[in-house]
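Starting off, we have a lone chain in the form predicted alone, written out as structure tokens.
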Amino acid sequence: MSRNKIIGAVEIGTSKVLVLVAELVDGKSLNLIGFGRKPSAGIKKGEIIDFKYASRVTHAAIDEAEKSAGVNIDSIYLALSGGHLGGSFNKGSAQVSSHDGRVVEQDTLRAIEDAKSKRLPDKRLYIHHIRNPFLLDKKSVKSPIGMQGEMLEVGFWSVHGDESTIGNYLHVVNGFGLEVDDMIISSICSGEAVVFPATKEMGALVVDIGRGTTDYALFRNGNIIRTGVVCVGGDHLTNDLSMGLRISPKEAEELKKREGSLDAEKLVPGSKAKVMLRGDYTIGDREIPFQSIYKILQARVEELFQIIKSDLGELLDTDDLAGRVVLTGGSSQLTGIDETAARVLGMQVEMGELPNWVDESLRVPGNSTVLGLLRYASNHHNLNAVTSQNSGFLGKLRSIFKPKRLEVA
């Protein structure tokens, strides 16, 4: 194998840690050569609650991925989620300075600097500044340089997070002796995996429903105009079943996977009117009305999409979202969840499909984040004007968390 750049994409999620290793050939083509997966530990709702356990499973997943690839990783890209993430739309402007009214590069830089100048509270750090189109005298333009006008404006959807939470994730990876090249939020990763550029141009809402959180990204005219994280995921469905049916969390999880459904047609009397708790007909197994399962799951799923609808408000305009709502993530596999989403959001909903270049064994909704992260890494920050703050937040935290092998027995 020629020695090209070896990149690793790492997702440290609530249910699993996934690591993909790929060889970037001549900075262009991407060959997937390694894969590692371990059940999560020490992670809850996208945040590290036990550093030792989180480090242990992450290091094991990276080690497994490197061994399957037969090479060591050169650089790491890390997906980031969790309720600590926030965002705001910041606008900046600059008067066109030239005597003939032609926009020059310095004008664009002043408008960009003005938009990025908003300060955050202590212990908060910008992760991404996602640029939207320039406005020249209130008209949208892709590249204003050389055009004539008076006032130049630009807006950024700026994503920020908690400094200590971000630092914990960096420290976990650094403990394997690797440095994180960049972080990207999970919703953008998922969008890269399941939404084609043409669909982004038409406008689309990507919703990634994981085990601990749900991440979403709203695209309009090919640009990301809003992202968000809702601390509701598959675990909440399991917990609701456990409490509502008075069964153990383990039984609830197995019941959800086997019989969980939002298909209203199953509510009619018949063979599915009742289901067995375990299905093995041993002592303790019992019948449970399907209607009870349906109502419990329906209430929580409706709540999830109501929260997203409320968060987006007037931005959820069907005229600007011809590309529809796209669902992905491990917990999006619940039967009928697309129909519930369509009813609550008032839009057409479809299940996301991963691209054909992905091996069939990996082409499952739960892998969309790490696969999208790998695509982002291969393009090296050039997707949809997403600019990270490497010289800022990562530079600051790297000075604290130096890559060094840690023993986490």
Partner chain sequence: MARQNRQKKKSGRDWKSLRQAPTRKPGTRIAWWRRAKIRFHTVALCLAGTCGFAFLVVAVSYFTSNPLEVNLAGPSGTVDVIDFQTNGSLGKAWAVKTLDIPKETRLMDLNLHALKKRIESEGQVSSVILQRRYPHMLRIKVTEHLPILKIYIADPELGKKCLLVSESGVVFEGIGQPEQMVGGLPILFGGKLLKDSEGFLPLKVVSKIKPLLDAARKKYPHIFRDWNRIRYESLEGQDALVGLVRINSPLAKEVIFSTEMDFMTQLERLDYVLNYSNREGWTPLSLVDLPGRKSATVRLSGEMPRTIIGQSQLF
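Source: prediction; values computed, not measured. Positions refer to the first chain, counted from 1.
The protein also exists as the form predicted together with its partner chain; that form is not presented, and the subsequent description refers to it.
- When contacts are judged by a 4.5 Å heavy atom cut-off, residue 63 counts as touching its partner chain in the predicted bound form.
- Using a 4.5 Å cutoff between non-hydrogen atoms, residue 176 counts as a contact of its partner chain in the predicted bound form.
- Contact annotation: residue 119 falls within 4.5 Å of its partner chain in the predicted bound form, judged by heavy atom distances.
- Its partner chain is not shown here, but in the predicted bound form it comes within 4.5 Å of a heavy atom of residue 55.
- This chain is drawn without its partner chain; in the predicted bound form, the residue among 275, 312, 125, 225 with a heavy atom within 4.5 Å of it is 125.
- In summary, among the residues 97, 143, 72, 335, the only one with a non-hydrogen atom within 4.5 Å of its partner chain in the predicted bound form is 72.
- Three-residue candidate spot 59, 113 and 183; every residue lies within 4.5 angstroms of its partner chain in the predicted bound form by at least one non-hydrogen atom.
- Residues of just one listed stretch (105-113, 280-288, 229-237, 132-140) have heavy atoms within 4.5 Å of its partner chain in the predicted bound form: 105-113.
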